[in-house]
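A single chain comes next, written as structure tokens; it is the form predicted alone.
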Amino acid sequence: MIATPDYRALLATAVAEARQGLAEGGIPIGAALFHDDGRLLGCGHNRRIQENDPSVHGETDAFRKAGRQRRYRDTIMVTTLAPCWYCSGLVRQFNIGTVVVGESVNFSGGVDWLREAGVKVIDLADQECIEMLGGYIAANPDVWNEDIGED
């Protein structure tokens, strides 16, 4: 494990993915899975719109691109937004040890549930993440509500 992870540096990978998703006409949520020694295992972004697939969230995309790992307790899931219940379930199912959240202002997701389960959650309250998704939600409320399962 790296002594003191630079969580903001790790977040930069997820932010780049979120920007890419936005440029593709999608929802700007990015994620990356790192080993706790700092190695990038996989990264991705929300592709629900691009692929017409409701299961392709940023975290699931990064997780799939990371490929099989022997264990996940020693990994860090970095995401621009607090993970939804679906992605929080992924974290719990595979015992991902740490989740770094870019922001939880626009959506708090399963952060409390993860913490209650013993997952280390670091919320960076990153202004760029807050503004990027906040602007998207304001411009696309129907798409956003569909993404989080709201009517």
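Note that the coordinates shown come from a computational prediction; the quantities given were computed from them, not determined experimentally. Position 1 is the first residue in the sequence shown; the rest follow in order.
This next part talks about the form predicted together with a further copy of the same chain, which is not shown.
Using a 4.5 Å cut-off to a further copy of the same chain in the model of the complex, not one of Y7, Q20 and R115 places a heavy atom inside that distance. Using a 4.5 Å cutoff between non-hydrogen atoms, H45 does not count as a contact of a further copy of the same chain in the model of the complex. For the chain shown alone, F63 is a contact residue for a further copy of the same chain in the model of the complex, at least one non-hydrogen atom being within 4.5 angstroms.
The closest non-hydrogen atom of C84 lies within 4.5 Å of a further copy of the same chain in the model of the complex. With a 4.5 Å cutoff on heavy atoms, G89 counts as touching a further copy of the same chain in the model of the complex. Across the options 118 to 126, 37 to 45, 98 to 106, 66 to 74, residues that bring heavy atoms within 4.5 Å of a further copy of the same chain in the model of the complex belong to 66 to 74.
In sequence order, R48, I49, N52, D53, P54, S55 are the residues of 41 to 55 having a heavy atom within 4.5 Å of a further copy of the same chain in the model of the complex; the partner itself is omitted from this view.
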